[in-house]
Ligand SMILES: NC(=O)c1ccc[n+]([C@@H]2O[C@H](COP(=O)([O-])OP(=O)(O)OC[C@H]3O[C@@H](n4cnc5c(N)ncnc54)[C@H](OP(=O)(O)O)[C@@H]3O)[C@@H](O)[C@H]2O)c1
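Take a look at this single chain in structure tokens; it is the form predicted alone.
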């Protein structure tokens, strides 16, 4: 059994990670670390696990676990690793944005690999340290990478994506509490969202001179999921685009090309990304959908763990959406 530690287990991604690992046949949770809830049952933060686990949060860390997941706020993973020296055999999977960009990937003798399995599977299989992709970044990259691989992102790409309130984290804010979020939609960080950096680096690894990305992120009045629509000029027929996407994802376990228009309910509570293509005149519309907490965070982290330890990529991740 793989012994796993979780740092920062009281938030949304920590809770999803606990839920997945408790049902993972090759993994045992060694500890769930929390400075604010040490000694309290995990179910005090995650009541959905009542009757599933008697785990307690702890203020102690086992530095010799097989794998540790960092579910900390952005900027906190760097500080945490400076203060805690894990075994040289411990795999580290970071769910923050601290190590995703090339300029941040080398840290204190550790080389972090960008953990998007659909693009860097072989590198992940040989890695010890993983920078888990962002949620928006995952949905948008999986929509655009096949075109970049074919050197067809020559023109501007316009992206509009809406995310659920869990994307803002568990701590309440002015734009996440119920009375503001309910029956409401709004944009934020137009054209400047922090995930653009990692998206561009992945695209440029396939097509160096690609068109500019114009990204408009939106807050939705639902709790989880991301629906992204991206469109750009495309000279070929729809069948040509479909052939490109099917070829790119032919060995992808969790990315599916749908012939029918897609919706969020197909992917919420799963590690799936669904993609749909639509052609209008000379414009190709690519719609992608993921669960921001699973494929966009904790599920993808476990997918990366499976690859690192030589397990089946989908082990413990065959989750079904609730579409009704």
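Residue numbers count along the first chain shown, from 1. Keep in mind the model is a prediction, meaning the values are calculated, not measured.
Just so it is clear, the following notes concern the form predicted in complex with the named molecule, a form of the same protein that is not shown.
In the model of the complex, the residue from 273, 293, 286, 68 that sits within 4.5 Å of the named molecule by heavy atoms: It is 293.
Against the named molecule in the model of the complex, would residue 256 count as a contact residue? Criterion: heavy atoms within 4.5 Å. Residue 256 lies outside the contact set for the named molecule.
Is residue 82 part of the interface with the named molecule in the model of the complex - any heavy atom within 4.5 Å? No.
Does the named molecule get within 4.5 angstroms of any non-hydrogen atom of residue 5 in the model of the complex? Answer no; every heavy atom of residue 5 is more than 4.5 Å from the named molecule in the model of the complex.
Can you tell me if residue 10 lies within 4.5 angstroms of the named molecule in the model of the complex, counting non-hydrogen atoms only? Flag for residue 10 set to yes.
Heavy atom contact within 4.5 Å of the named molecule in the model of the complex, the stretch among 295 to 303, 274 to 282, 257 to 265, 22 to 30: That would be 295 to 303.
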